[in-house]
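Take a look at this one chain, the form predicted on its own, written out in structure tokens.
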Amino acid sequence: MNKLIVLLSETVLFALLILFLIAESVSITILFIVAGFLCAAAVLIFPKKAERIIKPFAKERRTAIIFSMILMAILPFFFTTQPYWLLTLSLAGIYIMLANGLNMQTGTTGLTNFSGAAFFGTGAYTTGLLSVHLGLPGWLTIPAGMFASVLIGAILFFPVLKVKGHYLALVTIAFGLMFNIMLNNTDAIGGPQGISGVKAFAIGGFDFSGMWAIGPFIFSSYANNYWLTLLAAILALAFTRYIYNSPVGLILNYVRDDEWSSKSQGLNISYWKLIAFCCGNALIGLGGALYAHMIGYVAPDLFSFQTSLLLLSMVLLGGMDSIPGVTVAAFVMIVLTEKLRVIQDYRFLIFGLLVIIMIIFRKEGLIPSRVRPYFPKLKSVLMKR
């Protein structure tokens, strides 16, 4: 029975997502958004009743995850004539990686980072330069972009190690601004015009910029990049979940919650902070590298302080140290940003108000981070007995 509820619920949500994306009427779009906010408000106001709805998903967790991945994989079949939304969903997948990378630093370890866009840009520019000037294939440029983000993050880590709190925030803000100024004023990497002509990702003899067909369905480069981004996002989420449920995640939480106590237990605080910073930047660099190959063009405008604030807003709205919450927040914010282009000048004002409201009334975010199960397998065995 629980499996049936999960399958039907996800199918209905999938159908509603498709209808929301293809809706061209502004009034219908606003109606969908209002209905979504009302549902979210009902969940927050009546948490006990919401738990009854969520309980089947908790009991059939594996079924829910596998079926949701299947639904997301077949999504391009519904947008063969509207590839723009595949591009938007691909961007949402990239921002899911970026936000979860930042969450590993800010949410899991407590390292406030206002320079997420700088590491995003490092991955994108490294990939772009290697692709355009050296002609390297994507399976080499993407790891190089990740490595460059980790390396730059390790360099920034030395001043970060010496400060904390508001001073840490100021250091990362300054670094982000310096990075953007450097991009705009360095002619060797394109200056304000950026880098164009970045090659599409290719593996073996398959070029992701090409078109192919399955029966009556014709898939363009948008579908190819969507599947690539979906796979990368799934692997990134699996990695962050593995870190969260491992002893490393427990140690990072310990460092965040009580640094002095963790020091007294013999933990090397600098080492574990560096681990969190590097792992988070690797995910952010991965997002930047995929973005460069997908769009084919990178410019300084995208890697501004505004993008860093957008990433941090995703973490705050979703819930600090909450992988599901940050993932949902990143997806919703990117999709809504595109759907609300009719109110171009007020989109980020609305998101800013949402962040303020969440901070005042629900600091833990949309999906709060749950209490960590220390022995989940032992608990499941005892529950069965």
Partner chain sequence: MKKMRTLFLPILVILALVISGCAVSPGSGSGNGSKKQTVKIAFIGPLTGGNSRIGLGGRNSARLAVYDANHNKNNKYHYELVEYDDENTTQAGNQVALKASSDPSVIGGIAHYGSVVALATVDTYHKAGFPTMIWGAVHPDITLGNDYKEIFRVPGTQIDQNKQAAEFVTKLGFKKVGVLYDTTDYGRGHFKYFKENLQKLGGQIVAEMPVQPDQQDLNAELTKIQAKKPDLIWFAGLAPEGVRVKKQMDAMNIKTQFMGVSGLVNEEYNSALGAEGSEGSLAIIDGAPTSSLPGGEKFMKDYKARKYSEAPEAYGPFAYVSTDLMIQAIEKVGPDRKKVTNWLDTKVKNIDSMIGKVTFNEHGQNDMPLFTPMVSQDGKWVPYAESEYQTGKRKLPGKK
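Positions refer to the first chain, counted from 1. Only a predicted model underlies this, so the values are computations on that prediction, with no experimental measurement involved.
Omitted here: the form predicted in complex with the partner chain. The next part is about that form.
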| query | finding |
| --- | --- |
| Partner contact for I181 in the model of the complex: the partner chain, 4.5 angstroms, heavy atom | yes |
| A148 within 4.5 Å of the partner chain in the model of the complex, heavy atoms | no |
| Proximity of P83 to the partner chain in the model of the complex, heavy atoms at 4.5 Å | yes |
| 4.5 Å heavy atom contact, Y222 to the partner chain in the model of the complex | yes |
| Per-stretch contact check against the partner chain in the model of the complex, the hit in 136-144, 229-237, 280-288, 89-97 (non-hydrogen atom, 4.5 angstroms) | 89-97 |
| The unique member of A35, M69, A41, A58 whose heavy atoms fall within 4.5 Å of the partner chain in the model of the complex | A35 |
| Contacts with the partner chain in the model of the complex - residues in 289-308 whose heavy atoms fall within 4.5 Å | Y291, I295, Y297, A299, D301, L302 |
